[in-house]
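In the form predicted on its own, a lone chain appears below as structure tokens.
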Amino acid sequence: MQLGKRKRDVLAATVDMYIRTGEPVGSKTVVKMLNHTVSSATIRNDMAELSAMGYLEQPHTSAGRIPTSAAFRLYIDHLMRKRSLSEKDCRNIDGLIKSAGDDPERLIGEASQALAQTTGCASVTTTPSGQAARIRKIEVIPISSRSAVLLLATDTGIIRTRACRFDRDVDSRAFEVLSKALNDTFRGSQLADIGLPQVQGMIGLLGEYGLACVPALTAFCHLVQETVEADVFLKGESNLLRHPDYDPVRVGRLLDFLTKREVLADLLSAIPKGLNVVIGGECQRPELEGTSIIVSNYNLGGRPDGYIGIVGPVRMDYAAAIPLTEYFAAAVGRALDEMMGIDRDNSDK
């Protein structure tokens, strides 16, 4: 059933006031918000009908009404008026992100922290996916005759290291041969194309050093897999403890859920590309009941890649938080492209 203009205005005013105060909204308040253009009796009837339609609920008989999840969905999709960021706000965000220098992971971490501070919510961000990344360099750095560190760098700016130990002393020449063989074989390869069979095939290429280097090859295989999987940054969790909408039990369950980075990464990857708002139970996770997620992709080389967003109570200021999230995502994408020397004008050609 579609809502007429007056009911839409009544619902938008109710949601706006509830976001501001957290208190049930009465008909007299809505009359004031609509500049007394409609009588209180008419507003009461409209609010009763909106309740019957599932958009409002009345916590107590004598109290006003509060919006349901369905009301927030309609508000976000059709009724809300997004606020524009000022040029000063945009410059400040750009400056915060550029202060990270040439380290992509530091950039993403600082952007996540800044978004949490700006919105008063928790923020969640993922590093660029390694699926399409190509290997730029592999180094085998000997620590002793029985240990080494492998370093892997990609063309998307990801750098990963992993230590490995050997059961016996390894000749220093073996480290040099291994480093050259890995680079000759895999430099320029997409990480997603490298699996255990290709790595096992290196044993024969290493000749007399093949068996001795098996622990290093195993470490390299794990390193590739780790690099393919995006890291998740979570910042500002303590902000959730200060929100009056969360009682200790609910916020405890939410914080416990947010510490499960793999589960959180899977949840984000299931959200469609672009800017999305997931409200409460829409994602079928009981820990997120009463919680909303605003998330957007940032583009790398013109393609949607990682995610940046916020986690907070359903009663949040969407009109301000959505444009902030969108701008942070755009700024992160621009900064990463600049770091990696990607021409945004030609990246899609």
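As the structure is a computational prediction, the values presented were derived from the model and not from experiment. Residue numbers here begin at 1 and follow the sequence given.
Quick note: we don't show the form predicted together with the DNA, though the next part is all about it.
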When the DNA is placed as it is in the predicted complex, are 27, 41 and 48 each within 4.5 Å of it, taking any non-hydrogen atom of the residue?
yes
Can you tell me which of 52-60, 316-324, 303-311, 289-297 lies within 4.5 Å of the DNA in the predicted complex, counting heavy atoms only?
52-60
Can you check whether residue 64 is within 4.5 Å of the DNA in the predicted complex, heavy atom basis?
yes
I'd like to check something about residue 6: if you look in the predicted complex, is any of its heavy atoms closer than or equal to 4.5 Å to a heavy atom of the DNA?
yes
Give a yes or no for residue 37: in the predicted complex, does one of its heavy atoms lie within 4.5 Å of a heavy atom belonging to the DNA?
yes
